[in-house]
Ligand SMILES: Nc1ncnc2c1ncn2[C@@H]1O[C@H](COP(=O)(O)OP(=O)(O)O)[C@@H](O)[C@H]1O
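What follows is a single chain, given as structure tokens, in the form predicted on its own.
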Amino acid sequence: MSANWPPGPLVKHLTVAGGAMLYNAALARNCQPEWFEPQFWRTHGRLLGTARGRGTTHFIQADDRELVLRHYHRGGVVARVLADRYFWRDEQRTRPFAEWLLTHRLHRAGLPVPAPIAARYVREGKVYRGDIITERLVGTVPLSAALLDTALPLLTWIAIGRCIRRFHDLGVCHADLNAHNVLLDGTAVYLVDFDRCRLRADGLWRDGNLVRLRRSLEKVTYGLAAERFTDSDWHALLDGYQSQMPADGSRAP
């Protein structure tokens, strides 16, 4: 997939106070800057709940779908100093615009990702803050949560491997491929959270993605019953990864 793939006419760019926003006119025709403020949704009785991680994620009921509003927040030691501020370079390289545009391209290409709704940055001199809104994949469960409840069938592991291979075949290097960012809905598998992800030529990064996922799975299942994640499960995932059929119909190597 070309990094310069045009986003299409439905992607709108709007100047807002201190910054700018992107939105998909087909999914958010009446999108406005207030959508990025949790209080706006709370006032209208549309705030469904929150989840806390590196920052706070808000779940929202829009007119025809549920949405996820995420404010960008740093992790690690640097968060103590910069919190939710990032150094400005240019608009296209802001965290929300870069993630939104990549997710939009993947969604248009038919990859199993949440539909991107809108993104915004607000600049303050040499730094900026940002937010992103995506569609909530209602009914899905993170792989990490599923493993806490029960062992998964081998067919699910195969489906996970096939899903990851689809992204890799398009050059998508996921910066944080872990058990929390793989979502399951029956036999359907989705990937989420494309912050800091990018398109790359084929290389060893593919193996790095898989190693990162393996470590995450071992961490999530540490202390649980041994059958929650086994070598057979991992080999089934790798079998699915190796057997995924590329878009041109030829068998994957």
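Fair warning: this is a prediction, and the values are worked out from it, not measured in the lab. Note that residue numbering begins at 1 and tracks the sequence as displayed.
Absent from the display: the form predicted together with the named molecule. The rest refers to it.
In the predicted complex, the named molecule sits within 4.5 Å of a heavy atom belonging to Thr134.
The shortest heavy atom separation between Gly186 and the named molecule in the predicted complex exceeds 4.5 Å.
Among residues of the shown chain, Val68 is one whose heavy atoms approach the named molecule to within 4.5 Å in the predicted complex. Contact check for Phe59: a non-hydrogen atom falls within 4.5 Å of the named molecule in the predicted complex. For the residues Gly203, Gly45, Gly223, Gly53, the 4.5 Å heavy atom test against the named molecule in the predicted complex is passed only by Gly53. Stretch-level contact analysis of 75-83, 140-148, 160-168, 122-130 against the named molecule in the predicted complex, using heavy atoms and a 4.5 Å limit, identifies 140-148.
Along 166-203, these residues reach a heavy atom to within 4.5 Å of the named molecule in the predicted complex: His180, Asn181, Leu183, Val192, Asp193.
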